[in-house]
Structures are given as structure tokens and as C-alpha cells.
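There is one chain below, alone, in C-alpha cells, taken in the form predicted on its own.
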């Protein structure tokens, strides 16, 4: 503990100050805010595992009499928590069957005709897997990074090409994480906070339809920008395709498990997209899919029990959702929006919205977790933007996407950054330069082109 005393102090001291300092808020609300703030800071400073920090916060709410036990445990009944839990288990099935690497090598073999298209093959891998693997570490670090590393080795490990492949693998992970409700762990939390703060209903279809144009433009342009900035060597592409063909030969034809997995995933995707018509919550569509995976022997129940990240997510997402729900009911987000409304006072709403979105993106320089930033700041930024006159749904979707896209600007912005950067292919200075330039393209796509698309599809009148 002595080695990380500052991590404990960072979480405990502000919470104690908020807890004991009188304010205009009711006592229970002030105590709730203090414990929530301490929990969020603990998620950022990491004095202990994230799940432990959140469970301690939940326990303190009951021990201090701030909430009853029933209210404190209410987060575990949230469909949002079970939605993300189910998505993690789908990721386990994709990994256990070998379907994820198969998709990557197939795309490389089919479209990897030059260095640029190799990058697009890695980006396409992320795009195909994103709706079903909500863990950036699982998808990026567990599937895309090993493929990018294998490609670099097949090409003879030239330094500029290796840097290009690693950067594209990393940046495309976070571009695609912002394109689907189920492609990043915090996205369902963002959707839940949008419902609490702005009375907005963001479904899987709403998010995917809104993100498809700016997301694909970001993905395509970001890959090209990375190519231009890394200037990779041009030889050896044939060797990469040969390696991909060899890997596919090792995997053989689609196994029965993989066929059943694909059919079930397509059925689940259909259920998510059509949820506005059949009325079944997305979480129960996902749980039905999980049941089908076990019944069809795609995975065993013991394999699902072994997916520690899913159970960890359930344990700490539930309490976080509960705390944000209680804060919304207490009107804290409304007070926060009113208190910071001066930042955007007098600005036309397009300027205010762009300023808020840009600030939200670049404030991630101070964060090492996408989920921590989204949980701490999303509601406040959305409330402020709504107060400034921004179209609520459009701003919520942009901030939601930026909750993932912001991870690309640094080498510490999220969990899988340690996997990609730690491999040693990309110097830190180059990582930051490429990340910043790509972030400018991101802003162009989402704040310049995006609103035109949103208007076309009716996101704002």
C-alpha cells in the first residue's frame, strides 16, 4: 500500500471533503455524490482492482445510511448490466471457436494486395467483430494484435511497416468501438445515462445507423493517414498473404461449432436491430443467444463461467449504473449543468456543441480508462450541451462515440494500449503524433460531416 499511497489519497481525500463539507444539496445527496466521486477517482487512480473499488463504494452507501440495501443492489437488476455481461460471453465464444482469427486471416488473404489494403484488412477485422466483442482488450489485444504481429513477422519485421500495422490495429479498435452499442464496455452505460439525463432512448439500431457514415469515414481516412505518416516499406506483401493462407489451411474448413456460432450471432444481431418492432429488450435477446450457444454446444457452461471479465463487468457495472441513476433522480446532473452553463453562455448551439465534444475528446489525455471518463464526465457534458440548445440525441451519440475514439490519442488511454505499445514497434513520439493527427480527422468526420448525415436520417430536425 505504501508504494501507491497517492492512489488511495486521490480517491479518499476528495470524497471526505465532499462528504463533510456543507452545501446546498440535501445531506443524503451530498453523501451519495461524495461516495460516487471517490469511486470514480479510484477507477482512474487504480489503488485496487476496479470491481473492488465499486463494491466498496456500494457497501459504503449502505453503511453510511445513504441508501437502503435494496436501492444499493438495484443496479444488478438493470438490463444494461446484463446486456454488457452477455456481450462479454459472446466474445468468449468467438475466441473459443477460433472464429475471430479466421475472419482476420480471411480478410488479409482476400483484400491484402498492398500495404494500405493490409491495414484495411485489420480495420475490417475490427469492424466485423466489434458488435460481438465489447472488450477492447479482448478484440484488439486478443485478436487483432496477434494478427498484426504475425503480419509484421511475415513481412520480415521492417520497422516502418511494423509501426504502421500496429498503429492501424490499435486505432481501428477504438474507431469501431464507437460504432456499435455493444462494441465497448461503457457504451451501454452511456446509453443509460442519456436516458436518465436527456430522456433519450438509444437502441442498437439507433447507434449503428448514426455511426455508420462518420465511423466508416474515420476508419478509412485514419488508416490512410497512418500510412502516410509512417511511410511503410512496400515489399513483402505477397509473404503476408501466403502467411494468411497458411493460417487458414491450419484452421481448416468451418467447424460445426463455428457454423452454429455464426447462425446464432446473426439471429442475435437481427433481434437487436428489430427490437423497436418486437419489443423484446436487447438484453434478453442477448441472453436468448447465450442460451442457444450452450444448447447448441458451441460453448459449455463451464467455459462461460471461466470468462472472468464478464463476471467482473457485471459486478462493477451494476453499482455504477445504480449510482448514476440515484444521482439523476436527486437532480445532481441538472444542478451540474446549471453550474457550468456559463462556459457556453452566449454561444450558438453548434459552437457550444463542437466545443464540448472537442473538449470531451482531448480531456482523455488525463485518463487511462475510457470507462472511467465516460462514467465521470458524459452526463455533465451532455447536460451542459442540452442546456446550451444542442440537439440532445445528436450530442449524446457524438459524445458516446468519442468515449471510445478518445483512446487513440495516447499510448496509455485504455487497457489494450499496453499490449500494442508494449510490443515496442512504435516510439512514443510517433504514437502521439499519429494519434493527434488522426484525432483531427475524427473531429472533421464527426463534427463536420456527421451532422449532415444525422440530419438526413432524422437525428435532428
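Computed from a prediction, not measured in an experiment: that's the story for all the values here. Numbering follows the first chain given and starts at 1.
Form predicted in complex with a further copy of the same chain: not shown, discussed below.
- Comment: 282-290 is the region of 282-290, 93-101, 170-178, 345-353 lying near a further copy of the same chain in the predicted complex, near meaning a non-hydrogen atom within 4.5 Å.
- Taking the partner from the other structure, a further copy of the same chain in the predicted complex has a heavy atom within 4.5 Å of a heavy atom of residue 70.
- Using a 4.5 Å cutoff between non-hydrogen atoms, residue 271 does not count as a contact of a further copy of the same chain in the predicted complex.
- Shown alone here, residue 223 lies farther than 4.5 Å from a further copy of the same chain in the predicted complex, counting heavy atoms only.
- At the 4.5 Å threshold, heavy atoms of residue 308 reach a further copy of the same chain in the predicted complex.
- This chain is drawn without a further copy of the same chain; in the predicted complex, the residue among 129, 321, 315, 217 with a heavy atom within 4.5 Å of it is 315.
- In summary, among the residues 37, 393, 44, 48, the only one with a non-hydrogen atom within 4.5 Å of a further copy of the same chain in the predicted complex is 48.
- Contact here is defined as any heavy atom lying within 4.5 Å of a further copy of the same chain in the predicted complex, and by that definition not a single one of 123, 203 and 249 is a contact residue.
- The partner is not shown here, but in the predicted complex the stretch 71-91 reaches within 4.5 angstroms of a further copy of the same chain through a heavy atom at 72, 73, 74, 76, 77, 78, 79, 82.
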